[in-house]
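Below you'll find only one chain, the form predicted alone, shown as structure tokens.
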Amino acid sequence: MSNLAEIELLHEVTQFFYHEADLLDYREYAEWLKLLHPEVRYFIPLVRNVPRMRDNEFTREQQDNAWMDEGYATLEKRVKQILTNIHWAEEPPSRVSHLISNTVLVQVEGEPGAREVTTRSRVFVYQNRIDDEVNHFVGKRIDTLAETEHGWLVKHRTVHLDQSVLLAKALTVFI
């Protein structure tokens, strides 16, 4: 891939992430679901405080406990629950801002129009509820996007939060 093609692809992927963040920030959850691949895996492992053993620092996908370890059907159920307007942890709804930065292309497979792209990014999510309830979610994100005739879709997402204990009362935001 030429440098120009790589720059164009990175710009395209970054714009996709910004669009996704806008949908989540403006509570357009039904539209956000359309950005997910039917075979999506959305994984936020727990963090273990272990001495110098990087392989054991995070729980394993579909094997250990996790903050989230879900496919499309479960994510869709979460969205439907939020959209009922009677979701106990989101009433009244949170005000949320997603900041995505430092996106780099890790791997590109396939030909234009049918590529799979793996990226690494940094993420900061600010959540405010009621008057003074504030939560911050900070971490590193690894995404695999699939290029389809309808645009990019999130096929796999792993979020490594930089905190071993979540101080939020509930994890009700998508990161």
Partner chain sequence: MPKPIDELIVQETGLVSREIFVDEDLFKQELSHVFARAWLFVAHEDQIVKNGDYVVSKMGTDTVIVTRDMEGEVHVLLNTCTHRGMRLCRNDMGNARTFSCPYHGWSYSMDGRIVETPGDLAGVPGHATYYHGELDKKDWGLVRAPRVKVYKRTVWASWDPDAPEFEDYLGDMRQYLDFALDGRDGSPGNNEMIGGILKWRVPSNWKFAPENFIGDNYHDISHRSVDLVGINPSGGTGRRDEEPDEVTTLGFPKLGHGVIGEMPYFEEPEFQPQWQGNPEVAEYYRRCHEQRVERFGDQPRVSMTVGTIFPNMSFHGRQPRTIAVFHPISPTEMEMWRIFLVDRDAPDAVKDMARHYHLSYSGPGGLTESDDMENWSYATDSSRGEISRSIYFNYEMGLGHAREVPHLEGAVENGVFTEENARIFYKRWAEFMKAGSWDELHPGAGPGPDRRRAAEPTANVETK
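Residue numbers count along the first chain shown, from 1. Because the structure is predicted, anything quoted here is derived from the model rather than measured.
This protein has a second form, the form predicted together with the partner chain, left out of what is shown; the following refers to that one.
- By the criterion of a heavy atom within 4.5 Å, N102 is excluded from the residues contacting the partner chain in the model of the complex.
- Contact annotation: S164 falls within 4.5 Å of the partner chain in the model of the complex, judged by heavy atom distances.
- Proximity of V50 to the partner chain in the model of the complex falls within the 4.5 Å heavy atom cutoff.
- The partner chain is not shown here, but in the model of the complex it comes within 4.5 Å of a heavy atom of T84.
- In short, of 29 to 37, 60 to 68, 138 to 146, 114 to 122 it is 60 to 68 that has heavy atoms within 4.5 Å of the partner chain in the model of the complex.
- No residue of the trio L23, V154 and R157 has any heavy atom within 4.5 Å of the partner chain in the model of the complex.
- Using a 4.5 Å cut-off on any heavy atom, the residues of 99 to 133 that reach the partner chain in the model of the complex are, in sequence order, R129, I130, E133.
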